[in-house]
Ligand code: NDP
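One chain follows as structure tokens, the form predicted on its own.
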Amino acid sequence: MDSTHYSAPKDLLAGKIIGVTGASDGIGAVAAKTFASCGATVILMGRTVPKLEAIYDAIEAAGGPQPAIYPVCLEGASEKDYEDMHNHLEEAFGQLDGLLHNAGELGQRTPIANYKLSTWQKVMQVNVTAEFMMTKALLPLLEKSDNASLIFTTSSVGRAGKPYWGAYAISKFATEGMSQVLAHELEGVSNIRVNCINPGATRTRMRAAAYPAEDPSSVKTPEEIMPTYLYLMGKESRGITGQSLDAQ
């Protein structure tokens, strides 16, 4: 099926507990609000609490289930911080039915020869190592769901390397690999499916930083790419795992 034209029923995610990283802005904020509009209790994960509170208020104002806020700094969080996250979420919710890894760090747009080590390490920490640590810590909560969806965010530059994309592109190759490894490990022994979404050109602050000369109105809004997110998070994608889908 063409997930970009998926039409979700209003109760698609009713009763589901779904975590979203980078939920304070851009695609993450819209995904959180969209999941809530389909009945999910959304755990808003991010580092900027006032921005998360604004998304929380927007979800409540729209009549969605009361969300939760879980502050986390992906750049600095330790393994123990993720163990604490598991314990807190287990106590509060018992399980997780979905997790969208949306947060990302762009880094520099410059040749590898000029790339700063400190920037490289920050991008790899946020885009790869933090995702590994959080996923590892939260897998037991996803295992408790009868139909769990784990979604990683990829990019076209994570499938075919392009010049000047540096650590961002390389981190997305790693994300694709992590998703495939997990999907194969869990297939047949778990109710967790694991997939990637490539949002494509989307009107976000990260896109504007990467393409400062681009007319923002020439690319789609986060709202316009949500059908693929709903398809992969909902029950109709059951059995789909190890895939990398384009949202447009």
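Fair warning: this is a prediction, and the values are worked out from it, not measured in the lab. Start at 1 with the first residue shown and count on from there.
What follows is about the form predicted together with this ligand, which we do not show.
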- Please run the contact check for residue 75 against this ligand in the predicted complex: heavy atoms, 4.5 angstroms, yes or no? yes
- Query: At the 4.5 Å heavy atom threshold, is residue 37 in contact with this ligand in the predicted complex?
  - Reply: no
- Message: Residue-level contact is defined here as any heavy atom of the residue lying within 4.5 Å of this ligand in the predicted complex; does residue 64 satisfy this criterion?
- Response: no
- Query: Is residue 190 one of the residues lying within 4.5 Å of this ligand in the predicted complex, judged by heavy atom distances?
  - Reply: no
- Query: Which residue among 123, 170, 85, 103 has a heavy atom within 4.5 angstroms of this ligand in the predicted complex?
  - Reply: 103
- Task: Can you check 150-158, 111-119, 86-94, 137-145 and let me know which stretch has heavy atoms within 4.5 Å of this ligand in the predicted complex?
- Result: 150-158
- Message: Residue by residue through 197-213, which ones have a non-hydrogen atom no more than 4.5 angstroms from this ligand in the predicted complex?
- Response: 198, 199, 200, 201, 202, 204, 205, 206, 207
